[in-house]
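Starting off, we have a lone chain in the form predicted alone, written out as structure tokens.
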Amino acid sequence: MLPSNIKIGIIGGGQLGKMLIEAGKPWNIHYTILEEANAPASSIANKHIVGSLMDYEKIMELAADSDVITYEIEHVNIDALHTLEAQGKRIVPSPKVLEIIQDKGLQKLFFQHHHIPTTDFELLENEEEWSEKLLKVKGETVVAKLRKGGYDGKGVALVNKKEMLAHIRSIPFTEPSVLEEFVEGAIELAVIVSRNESGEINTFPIAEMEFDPQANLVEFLYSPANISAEIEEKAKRIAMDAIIKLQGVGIFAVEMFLDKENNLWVNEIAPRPHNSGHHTIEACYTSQYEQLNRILLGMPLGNTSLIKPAAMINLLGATDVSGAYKITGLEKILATEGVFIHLYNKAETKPKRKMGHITILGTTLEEVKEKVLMVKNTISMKAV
């Protein structure tokens, strides 16, 4: 029901929180964020509690000012969330879901136990186990991931099995990690799933992702993905099955690999709006951010259909620029039909830091891809 007097608390105040608030402003929703000073979302939040996402007492302070709590990043104080949920506070998604997703090892075990297709893997606790566990994982190349704390390409490393065994002292991580089979030549897909507390569930059109190999970040994506209707239906079915088995409520990004034999393997799940769904703001009837607001307010899910084919380009900090910056080429880009720029209110840039994104719409995917090339060749970030 609108107007709503429900107060939403967001743990985190980065660009995801900012876009969630932007989506809810037409509905006059009240938002309180918990984040360090000078957060991207601080300029538009109704209230800003300054503090760490790991601070138990600050989360309790946020809860006292909120009817429902969500989070825009996985690395938060989960003990505080468990306490609040036990006291009856609505938390979306539940900390029971976050506890599994926070730990990439628990995620893989969950997939295995619930027959959700995922790649071969081994868990290791310390550096002494590397040699033994490396030998057990299929393939010559292995993906190593920290079980906790990794994000935006950090805490992930590709290793050659033979080279690593020959130089075992050069292992990338000494903390508890996951070793996973590398899917050679895979197409990377993302399925955004929305599910509310009444069990209503739907998906957004699938996005196909292209990664920056140095930063291991999404550089740009397309939607609809260039896959068959059969593969699309299968991917959506697997993604929804995973969220139902998690008993998840909220917005979830289910990332998958499509291998050369058309097998689908679930890579990871993010329990929040995701980089692979930014384009939905302009490209879909309901964005991933409006959808999460609907779920938080107990409203029906919105129509997720694609209005037009779309692409999204991440605006990453240049490798040779740190500190104050300016963006050049905006005049040409903004003169182009179907191009939308989102900046994240970050005062300083760093190499490969996410500074914003650009959504591109077109009548056909071919037209979209032509515009993508133009935008990539036109825009740049310069030091001031």
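Throughout, we count residues from 1 along the sequence that is shown. Nothing here was measured: the structure is a model prediction, and the numbers come from that model.
One more form of this protein should be noted, the form predicted together with a small molecule, which is absent from this view; the next part is about it.
- The single contact residue among N267, N275, N293, S223, judged by any heavy atom lying within 4.5 Å of the small molecule in the predicted bound form, is N267.
- Note on the partner interface in the predicted bound form: the residue among M164, V137, V183, I73 having a heavy atom within 4.5 angstroms of the small molecule is V183.
- Only one segment in the set 282 to 290, 77 to 85, 139 to 147, 241 to 249 has any non-hydrogen atom within 4.5 angstroms of the small molecule in the predicted bound form, and it is 139 to 147.
- A residue is said to contact a partner when one of its heavy atoms sits within 4.5 Å of a partner heavy atom; E129 fails this definition for the small molecule in the predicted bound form, lying far away.
- In the predicted bound form, the small molecule lies farther than 4.5 Å from every heavy atom of F121.
- When the small molecule is considered in the predicted bound form, G153 lines it closely, a heavy atom lying within 4.5 Å.
- Residue contact with the small molecule in the predicted bound form: E208 places no heavy atom within 4.5 Å of it.
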